Structure formats: structure tokens, C-alpha cells
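One chain follows as C-alpha cells, the form predicted alone.
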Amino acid sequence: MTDHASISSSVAGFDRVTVRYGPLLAADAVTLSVPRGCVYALLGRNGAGKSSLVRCLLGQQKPTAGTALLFGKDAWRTRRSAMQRVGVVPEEPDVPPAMTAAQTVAFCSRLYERWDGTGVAERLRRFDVPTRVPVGRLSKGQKGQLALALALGPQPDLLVLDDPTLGLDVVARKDFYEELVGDLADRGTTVFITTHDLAGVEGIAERVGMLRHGTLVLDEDMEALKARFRRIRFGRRPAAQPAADEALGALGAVRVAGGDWGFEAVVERFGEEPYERFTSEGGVVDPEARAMSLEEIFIAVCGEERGGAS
């Protein structure tokens, strides 16, 4: 459970942030913190409230209630000074299409107290981003690398990525994340990322939050999350149903489906001891448990209604 003290000492966080648009509740008392040096991935389906929270964190929008914090201070009140320490890759590039990359870099360099011009130039050169071509004529991948270069230019303490690989092809997504991983290793930058690219973020995120209809339903370390979720397949003799269901319940069954082929359950409290009890039930046939990817866990938590039929 995230408390006020941990939020205040974190690089970024939300303290009971609620966002409403008239009768629409976009975020409902969301509380979480992003520790220094952490890569935090906030996940949710379209309309779950991710973008509203990002705008609050960047001081672009005042929460209906609660406080978004940057470096322990109210982001709405301290945005002007705090944003000197924040790099942002928006969901949609906001560079005027008629400007060239060179013109954009020159403009941005004047906005920050510190600027790594050499690093920006090297990144653009490495990814063959033409600097004298209007940005509107660049490919999606080139625009993505330009956005990342601009975000890293001020050597930020916090990097905010709002669905940065949206619309990129497989190769461009791979290049983006490889570059990001390399930079994180060099700098130890704190990262807050929202994304639909769960496979890409799974390899770099250390902590994960999941939003469902504006409510934060999950907030924990990636390793702990993946350790407690399993997909279990098994057969079952009809007479064993009550005992097997009880043993499966101890594993925290999120969803159970069955058919002529047998049964499949997603569980969220996997452990060797309760799993052994489940497999020892006489009516459970050929049980098999396997680890789940972040995408599979996300679907189980935020997909169709939880629960199941036997």
C-alpha cells in the first residue's frame, strides 16, 4: 500500500487523484508513487484514465481532487520549475511539421538550463534522422527517435513517456526500446510510461500499475506480479468438483473455463504449497502450471469481467 510519506519522497506520484469531466469519472482517487531510478509502467485499456493522469503529473491539468506530485511538490503549482527536470515523449508528436529537426533542437535547447547537445546530435545521427528535412516528412520511426532525443536533451531526472511507440512498426519499436534501455543504463533516469505495447515494456519495467475504469486495481513490482500469476490446465473427474474447486480457490482463481478438452484457470495467488494441495486432489488429472506474460496478466486483470464458469 502506497502511503503519503513514500509519495512525498518519490520522483513522481499521485495522492488520491480524482479527475472528472462533468459526470464522467476518468480517475478515481488514484494513489501511487514512482521511486527514484525506477521504470514504472502504467497500463490500462483505452479510456481507463492514463492520459488524464499524465496531464495532471505534467501540470497541464488540475485534478478535480487530490494532488499530483513532481519531486515531492504539487505539480500544478510548481510546473514551471519542475519541468526543467522532466523530459516528455507525448503520444502524438507536437513539433510543427514545417520545422526541421535541426530547428526543433535549436529551439528546445534554449528552453532548458542544461542541454546535452552532443548527445542529441549523436542520437539523431545513429538513427539516420535527417536534420534538414521538415518533421512532417519524417517516418514514424524517425519522429519517435527525434521525440526521444528531445526528451533526453535536458538530461532529465524524470522521463515521461505517453504511449511512445504507438503507430510504430516492429523494427521501430525494437529500436526505440533498445535505445531507451541503453540510456537508462547510462543515466539511471526515473521513467514513468503509459503504453499499449506490453511486450515491449515487459523487458524494462520494474514496477507496474493497472487501471480499470479509472480505478487503480494493481500496483506492485514486476517480479512479484509475475511470480503470483499462473495459468493452470487440468482435467477433472466429475465427482471431484467440490474438493478441486476449493483447492483452486485457495490459489485465487481469477477465471476458469472448461470444455471437452478439460479446464483452464488463471490464478493470482500461486504458491508451491497450495498448488501441491490442488494437484494432490484425487480427481484432478494431468495438472500443468505455466508462467504468464505481462500481456496475459493484463487481460486477466483488466479484460472481460473477472470470474468464470466451471
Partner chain sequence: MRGFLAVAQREVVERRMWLVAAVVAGLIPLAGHLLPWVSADNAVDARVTLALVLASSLLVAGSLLLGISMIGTELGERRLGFHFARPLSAAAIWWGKLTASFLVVMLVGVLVLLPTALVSGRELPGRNADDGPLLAGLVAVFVLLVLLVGHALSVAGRSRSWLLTSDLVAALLIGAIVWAVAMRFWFADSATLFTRLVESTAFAVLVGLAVAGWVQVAVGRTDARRGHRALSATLWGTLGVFALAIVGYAAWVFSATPSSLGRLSEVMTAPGGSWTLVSGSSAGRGDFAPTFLLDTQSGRWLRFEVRARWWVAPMFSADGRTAVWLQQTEGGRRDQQQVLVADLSASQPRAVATSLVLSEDAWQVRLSRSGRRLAVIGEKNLSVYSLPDGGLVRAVRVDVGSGRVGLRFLGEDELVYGVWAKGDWLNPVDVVLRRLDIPSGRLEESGKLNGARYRDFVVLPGDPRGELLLAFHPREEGLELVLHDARTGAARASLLSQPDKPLARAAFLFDGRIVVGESPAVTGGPARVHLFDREGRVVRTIALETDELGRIGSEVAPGVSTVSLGRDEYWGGRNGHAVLVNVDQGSIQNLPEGYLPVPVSGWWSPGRVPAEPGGACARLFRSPEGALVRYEPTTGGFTTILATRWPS
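What you are looking at is a predicted structure, and each value in this text was computed from that prediction instead of being measured. Residue numbers count along the first chain shown, from 1.
What follows is about the form predicted in complex with its partner chain, which we do not show.
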item: Segment assignment from 104 to 112, 161 to 169, 175 to 183, 223 to 231: heavy atom within 4.5 Å of its partner chain in the model of the complex; value: 104 to 112
item: Ile204, Val129, Leu198, Met83 - the one with a heavy atom within 4.5 Å of its partner chain in the model of the complex; value: Met83
item: 4.5 Å heavy atom contact, Leu138 to its partner chain in the model of the complex; value: no
item: 4.5 Å heavy atom contact, Phe71 and its partner chain in the model of the complex; value: no
item: 4.5 Å heavy atom contact, Gly235 and its partner chain in the model of the complex; value: no
item: Gly252, heavy atom within 4.5 angstroms of its partner chain in the model of the complex; value: no
